[in-house]
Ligand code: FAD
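What follows is a single chain, given as structure tokens, in the form predicted on its own.
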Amino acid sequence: MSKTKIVILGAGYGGLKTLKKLQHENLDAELVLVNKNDYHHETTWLHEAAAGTLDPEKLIYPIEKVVDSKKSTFIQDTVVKINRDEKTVTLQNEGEISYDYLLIALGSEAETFGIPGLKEYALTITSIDSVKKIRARIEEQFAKWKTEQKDELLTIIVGGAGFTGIEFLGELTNRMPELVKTYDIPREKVRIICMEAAPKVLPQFDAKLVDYGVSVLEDRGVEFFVGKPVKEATADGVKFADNETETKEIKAGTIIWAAGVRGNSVIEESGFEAGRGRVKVNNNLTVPGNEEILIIGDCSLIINPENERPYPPTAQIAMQQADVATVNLAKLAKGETDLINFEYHEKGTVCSLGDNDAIGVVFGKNLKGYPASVMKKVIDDRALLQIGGLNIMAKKGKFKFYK
């Protein structure tokens, strides 16, 4: 008889952690990991590379550092479609591969909410390639200003005042003194604008923490347009609703969209019942009607019983889901049916405002400033250790805890 075959799609936080833990289970099963790149990247660090405060190479490490070739097979390829009836996955280069059990951990894509022009004219903080483009775009526009003297070249619009947008603004404002010096630009010529459709910045935090974070960024020159939804992006800037009846326009050389994510488009292209690319999974992370498939991370939707709203897609949730997915996949491979349920345990959330500043809630306690920034680095290093191991953490970790 052939071995049970477990296929894992995606080498983000959830997928790669599940593979690492399954390798330690010593299952009599064939483990296959599929990922379009041969590296894992720290998604929660992408904003730093986008702003130019971190080398992109610092936030990636080879998947082979986690894959045990004696127990697992790694296929570098792009997932095109999941064929549930045939129990196969169509890959761009390899064609179809079969599975007995499937873990989908494909991550997210930027959500544009159908706003015209965003796909054409805005950049997103979603991948290594995308953040390289953001850094290059900003530097290119600043370089052009010297000869063209068009102030809109120095205007940067960031759409979204959630985690990604705020953390990017923190890094960008940290780097701004270096940028204006390099390109010999008067600092007052630079405009950094954050546009948020919702009435509040970072709604998951209480008002005091939010006020602190906003004031820190305003002191560094960020302008907040809160409750001003973007209506259209153009080659020259954005149009937004200033009020219920009036639309205004801001000219800008760089537009960055960080106002939300959706699950991978493969989910909907494969015919799963989903909303914004996210499947409402069973409590044990299996797909209703397809219990041989588990979904974790940004493509899964789980309701928080305390407020009846979906949990936000975060690295913390994906990594906790990986622990449950490991147990359940191991049980399924052994022919067991008593799968365990996922329960999310909030351990804290920290939003960086740059290298030595942050806001957050850790074990129910509000933190801000330098102590919060230290905790943020501890959280980042812990993720490296749990998935990449001690050597990866030693090479890639954040150990600069001093001011």
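These numbers were taken from a predicted model, which means no experiment stands behind them. Don't overthink the numbering: it's just position in the shown sequence, from 1.
Keep in mind that the form predicted together with the named molecule is missing from the display, and what follows is about it.
Using a 4.5 Å heavy atom cut-off, which of 22 to 30, 44 to 52, 358 to 366, 335 to 343 contacts the named molecule in the predicted bound form? Among the listed stretches, the partner-contacting one is 44 to 52.
Within 4.5 Å, heavy atoms only, which of V214, I293, I115, V266 is in contact with the named molecule in the predicted bound form? Partner contact (heavy atom, 4.5 Å) among the options: V266.
Position in contact with the named molecule when the complex is considered in the predicted bound form, options A318, I134, V238, A259, heavy atoms within 4.5 Å: By the 4.5 Å criterion, the partner-contacting residue is A318.
Does E167 make contact with the named molecule in the predicted bound form, using a 4.5 Å heavy atom cut-off? Answer yes; at least one heavy atom of E167 falls within 4.5 Å of the named molecule in the predicted bound form.
Touches the named molecule in the predicted bound form: L103 (any heavy atom, 4.5 Å): Because no heavy atom of L103 falls inside 4.5 Å of the named molecule in the predicted bound form, the answer is no.
Is S373 a contact residue for the named molecule in the predicted bound form, using a 4.5 Å heavy atom cut-off? Residue-level check for S373: no, no contact with the named molecule.
So, N174 and the named molecule: in the predicted bound form, are they within 4.5 Å at any heavy atom pair? Result no; N174 lies far from the named molecule in the predicted bound form.
Taking the named molecule in the predicted bound form, which residues along 51 to 78 bring a heavy atom to within 4.5 Å of it? Result: D77, T78.
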